[in-house]
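Next up: just one chain, as structure tokens, the form predicted alone.
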């Protein structure tokens, strides 16, 4: 009986100082992301305490390339991650290393995220249209990257062979932009902030935007199959916090008026300041490239299937990889474009 009184007293003491036994027992997790606006819901959930509300003590681990977060999930270095979808991601997922459980950012019309640009030299030689990519050289990070897939979609839309484009693998944005400014390539795919900078410097011209030309499911939220099997309540709690933050992001940055023009939504300035702090950039620079993020983290499932088929056709993803097997759609309701 005395032990019960001691426990009750401890609970009362915690309540007095504003803590609870649940808060004290928060489950520790690690979350991987890149320092990009597309990671916005993670930054918001951390800053506003949404993970803590769900009984989770979340630690953020930042990475510098899209290939890194999936490997960190496989190794157990992080429990969840968000990043762009690549051929390498699907190879890991096909081996049972990771499972997609929700959406990150999406290429969407009206949201200038990734630009197609031509150098001044290429422009002067007649490279004036997105239809003119055949036979040109373009700076990308690597084959199998999100840039590669965007080019593949563009090739399908305008009827040119993506294999006729020479992709110069430069492994990072600084090297890509340097090659572009130096005229070592004809074109580049580059995030909006970099595109505006290159344009203002007079290094080249923007030909168009990926989201306007070929919308697609750019990024995803994923975890390990082991977490799904052994820690399902924790995964469900994480998704609830993520969705709450994604909803705030969406309301602030993805609102449109009656004419379809993107406008500032509720709490725009607060959310922009939060992202600027997380990204260590001025708010006005962050505002240039705010991607579309579904309010509930819902996936364009059909595009996931298309991505797997594209990479398999390019010989970059093993033929044994099954698109359905890399997905677990049970944590988020309302995913769309589901294959029949």
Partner chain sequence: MAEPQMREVAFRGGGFVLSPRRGAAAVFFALLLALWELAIRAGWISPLFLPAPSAVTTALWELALAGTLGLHVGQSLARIAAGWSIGTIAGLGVGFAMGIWSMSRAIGVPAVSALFPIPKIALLPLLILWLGIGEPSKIATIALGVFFPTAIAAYSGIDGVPRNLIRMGQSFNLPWLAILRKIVLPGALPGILAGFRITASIALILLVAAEMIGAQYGIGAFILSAGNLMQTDQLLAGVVLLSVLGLAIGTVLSRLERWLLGWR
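Bear in mind the structure is a predicted one, so any value in this text is a computation, not a measurement. Numbering follows the first chain given and starts at 1.
Keep in mind that the form predicted in complex with the partner chain is missing from the display, and what follows is about it.
Novice: Is there a non-hydrogen atom of residue 32 within 4.5 angstroms of a non-hydrogen atom of the partner chain in the predicted bound form?
Specialist: Residue 32: no contact with the partner chain in the predicted bound form.
Novice: Determine whether any heavy atom of residue 70 comes within 4.5 Å of a heavy atom of the partner chain in the predicted bound form, and answer yes or no.
Specialist: Yes, residue 70 lies within 4.5 Å of the partner chain in the predicted bound form.
Novice: Does any part of residue 78 reach within 4.5 Å of the partner chain in the predicted bound form? Heavy atoms only, please.
Specialist: Residue-level check for residue 78: no, no contact with the partner chain.
Novice: Within 4.5 Å, heavy atoms only: does residue 162 come near the partner chain in the predicted bound form?
Specialist: It does not: once the partner chain is placed as it appears in the predicted bound form, residue 162 has no heavy atom within 4.5 Å of it.
Novice: When the partner chain is placed as it is in the predicted bound form, are 254, 296 and 302 each within 4.5 Å of it, taking any non-hydrogen atom of the residue?
Specialist: No, the whole trio is out of contact, none within 4.5 Å by any heavy atom.
Novice: Could you tell me which of 232-240, 93-101, 265-273, 199-207 sits within 4.5 Å of the partner chain in the predicted bound form, going by non-hydrogen atoms?
Specialist: Only one stretch qualifies here: 93-101.
Novice: Which pick from 150, 227, 142, 247 sits with a heavy atom within 4.5 Å of the partner chain in the predicted bound form?
Specialist: Looking at 150, 227, 142, 247 one by one, just 142 meets the 4.5 Å heavy-atom criterion.
Novice: Which pick from 193, 130, 74, 155 sits with a heavy atom within 4.5 Å of the partner chain in the predicted bound form?
Specialist: Looking at 193, 130, 74, 155 one by one, just 74 meets the 4.5 Å heavy-atom criterion.
Novice: Relative to the partner chain in the predicted bound form, which residues of 249-278 have a heavy atom no more than 4.5 Å away?
Specialist: Not one residue comes within 4.5 Å of the partner.
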